[in-house]
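One protein chain, two forms: both are listed below as structure tokens, the first as structure 1 and the second as structure 2.
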Structure 1
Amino acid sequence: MAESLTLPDLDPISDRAVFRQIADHIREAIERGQLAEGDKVPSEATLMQHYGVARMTIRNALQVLQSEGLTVAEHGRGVFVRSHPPVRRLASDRFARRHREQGKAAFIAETEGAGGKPSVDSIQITEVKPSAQVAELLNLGPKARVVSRSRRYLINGQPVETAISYIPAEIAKGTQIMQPDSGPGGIYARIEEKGYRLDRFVEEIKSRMPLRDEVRALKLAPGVPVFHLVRTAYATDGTPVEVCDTVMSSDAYVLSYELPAR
């Protein structure tokens, strides 16, 4: 399988470092499709033989590819070309009421629409003291408490996003928000039933390398950054009613926003 792979020899004249040349060869093989997603990259021993260099040199080359997010190393198995999950496009109207009223959670509906198998796990609901940041965004006093709903989203079994919502306890108490299944239309529907008519959301987006926990939770390959998105939901009277803190695998998402020119 895939043994049509033939890597060029080193260019003895080039002043490009040997390990970079090797990385270039493998990268080009991937880009040309000679190595497809999921294919095994030749083992370190094989590459040592082919190029006639030391193992450290090969490892440096593989390190480059890994930090570019092109490959993953699996201990005891080999190095493989990364496979990319289907990309989710988040449009700026994704929280429009017309979508919310269909009853299905946005994530489920969207993913099924795109032909993927959505799932949600690790749902945890607790009542806690809000962090300083959350308290400020929700405009809460020092004694207020919030209900936190954390969960993880997966597409075709591959985790793509973790999210934690914070809702003022005063709003969430006694509603289905406290249940793992928050009911038709999700927590936003429950919040509106409480008399808060949703008006607008504000999203703040950062991009950075993931923390250790995030690498684990999202099964991220080395070299893949994450979107860190904090969304605050406001009711028509200006009251913030929810803060949602989400971390998304950057190669599973394209974010899309519409801005007025007015």
Structure 2
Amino acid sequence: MAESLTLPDLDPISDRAVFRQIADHIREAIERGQLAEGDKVPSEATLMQHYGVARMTIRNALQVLQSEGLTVAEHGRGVFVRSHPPVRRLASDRFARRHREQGKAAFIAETEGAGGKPSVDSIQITEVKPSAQVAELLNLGPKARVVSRSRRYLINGQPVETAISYIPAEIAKGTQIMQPDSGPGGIYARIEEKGYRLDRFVEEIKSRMPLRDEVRALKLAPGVPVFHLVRTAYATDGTPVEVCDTVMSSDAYVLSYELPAR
């Protein structure tokens, strides 16, 4: 596709910087489908010849596209249009009890429903003293301990999310929550088996640029932000039973909610 791609010429009277004009042309080619996911962007030499500019100008243009998350550079091969992982919707019923009763945790049920192949790795389970934020959300005393379950979620082999659940130790101990495989229905099914019937979830979401470890874990392209979501699960008697601290690749998700009008 790159060989047959026709790019426009520079506008000599535009006050827009030359490298930004070049980035605009390539971006438009991507948006129009002239360059599809996985296609190679024209080489630096080809772009230099077409536009009659220096190599540094071309590199600045390509850097703009990489910072926007549109392209990715592969050492020794060139620059390619970034392939995006499947988009997964966070539907309003993703934590519905029927999924747990079918033996499926929310991520598995939702991903399979969208036609993707879910998997989980990097599972670590420890008993720790909670942070001040977690202790406050779980309404814990100063000496209380929590069980921390960290993991990474993947769709079709592409990492899309990391999560750490914090469950009061008095709830988690003696259950399969302490094992890498938390069993059918996931940790929420185990919490309900312990006698804490789930009633509601409260989520707080913000968008930010990723930390270095998050870039590595989620294999994020330059310029791709993340959603940082903190969810608290409550039992029917109002007891908070879990806090989940989640970081999600923003280009892997559409956040979909159904809200009552009353």
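Every residue number counts along structure 1's sequence, beginning with 1. Fair warning: this is a prediction, and the values are worked out from it, not measured in the lab. Note that the rigid core is defined as the largest set of C-alphas that superpose within 1.5 Å between two forms.
Decide which single structure shows the form predicted alone, answering 1 or 2.
If we ask which form is the one predicted alone, the answer is structure 2.
Using a rigid core alignment, state whether the CA of Leu47 is displaced by 2 Å or more between structures 1 and 2.
True for Leu47: a C-alpha shift of 2 Å or more.
Large Cα move at Glu74 between structures 1 and 2, threshold 2 Å, rigid core
Comparing the forms between structures 1 and 2, which are aligned on their rigid core, Glu74 does shift its C-alpha by 2 Å or more.
Core-aligned C-alpha movement of Glu112 between structures 1 and 2, 2 Å or more
After core superposition, the displacement of the Glu112 C-alpha between structures 1 and 2 reaches the 2 Å mark, so yes.
Once the two forms are fitted on their core, CA shift of Asp11 between structures 1 and 2 in Å:
For Asp11, the C-alpha ends up 2.5 Å from its position in the other form.
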